[in-house]
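Below sits a lone chain in structure tokens, taken as the form predicted alone.
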């Protein structure tokens, strides 16, 4: 057999193949080594702290020096261009789109102003700008309590920690007074310290109300798994809540109504047992409950939660950049990021997945509209009965039905994405609300008959937001004027602090 050198002499092209192959192998080996070194360097840059925090650091930009990728993606919440078929990140005047809401919330601040929420970055801006926060001056203070700041900023846990050093109960101290009390302190929008421990970077609960609610149920939240925490940090704020005025003197103590359970009926039973109401309806005189945003409660009743999917899996999916995998902090609708959210598990194309979502939402919205119409009529008809001399005893059961029917409506629409998260449960809740609203109107009809009222009750023209607000007695020109004056005095100071 000929030696390898003899074969090369006879066929010199084999030598060139060997030479080129060796060069390519060495080049690829060098490239691999370079990539490994680069990735190690990136890992050091991404996770070696550039800042050593003491206590709760509420300045999100300082966290960005330690975690630039996460911070850069968080800044994308500034983008308000996305709008799906139902909501999104754009500013939407809900009262303009649906004037019935003005009548449903008559006598409450939401009838003045209610807009679709934008991204987390705008949390402070939006609470200043909304007409709901009032316009305090020398003689009139804002009706909004300090507690309204609780879910708007990482400055809140910072202040609670600070106040706890000088007060027997720093939490209750923070909940005391009107919202402008902490306006000079609460300047950073929702961000890093709301969910992360600055020393360990582990997910952590920074709002006492969630911990307290689970404690009353006999549950220890410190034993939650990491996957559970990827929803619980959202549940600090995306829940139904109320202000307990009796727990601590002078404080509007933030409380979750979970003592009897976490369903719509359980919360209703809890509120009824303590005779709680957020306001008295200015037309029907019904003691009302205003649902906030029971996102976590409704999410738990859906198929995704039952399969172990967390809020972050869909609203903050993982992404890769420069070979590094991290959580995308552009918290947004999954419909604006179908590839990284939905299609990680679902193999259907994006258009089909979005169509499925919209079909669920559309079908529920049909019944929601029916319920809204019934409630508007019930409030107007109840007002008519009062005007004609109805007694409190005659109206008691009617008002209870209106209260429970509207509670179910509000619980369904206030929960972000509930018609998708738990479409079967929301359909059930809306259907029961329709039944209660019918009951209220039937009882009103019978009462009108007993009172000798046989004329048809004319419904008001609420075809626009302006007409509806005029009907419920709002002087919007005065409200806007007062608000603008307040913003001119207050916002420059806040901007300077920020």
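All values derive from a computational prediction rather than experimental measurement. Numbering follows the first chain given and starts at 1.
Absent from the display: the form predicted together with another copy of the chain. The rest refers to it.
Partner contact region in the model of the complex: 300 to 308, out of 179 to 187, 300 to 308, 109 to 117, 206 to 214, criterion any non-hydrogen atom within 4.5 Å of another copy of the chain.
Residue contact check for residue 339: none of its heavy atoms lie within 4.5 Å of another copy of the chain in the model of the complex. Proximity of residue 319 to another copy of the chain in the model of the complex: non-hydrogen atoms within 4.5 Å are absent; the residue sits far from the partner. Although the partner is absent from this view, residue 360 contacts another copy of the chain in the model of the complex, with a non-hydrogen atom inside 4.5 angstroms. Remark: residue 425 counts among the residues lining another copy of the chain in the model of the complex, judged by a heavy atom distance of 4.5 Å or less. Though another copy of the chain is absent from this view, in the model of the complex it lies within 4.5 Å of a heavy atom of just one residue from 73, 231, 367, 146, which is 367.
For the candidate set 93, 272, 348, 259, a heavy atom within 4.5 Å of another copy of the chain in the model of the complex is found for exactly one residue, namely 348. Contact with another copy of the chain in the model of the complex, defined as a heavy atom within 4.5 Å, is made by all three of 265, 431 and 438. Contact annotation for 444 to 467: residues with any non-hydrogen atom within 4.5 angstroms of another copy of the chain in the model of the complex are 445, 446, listed in sequence order.
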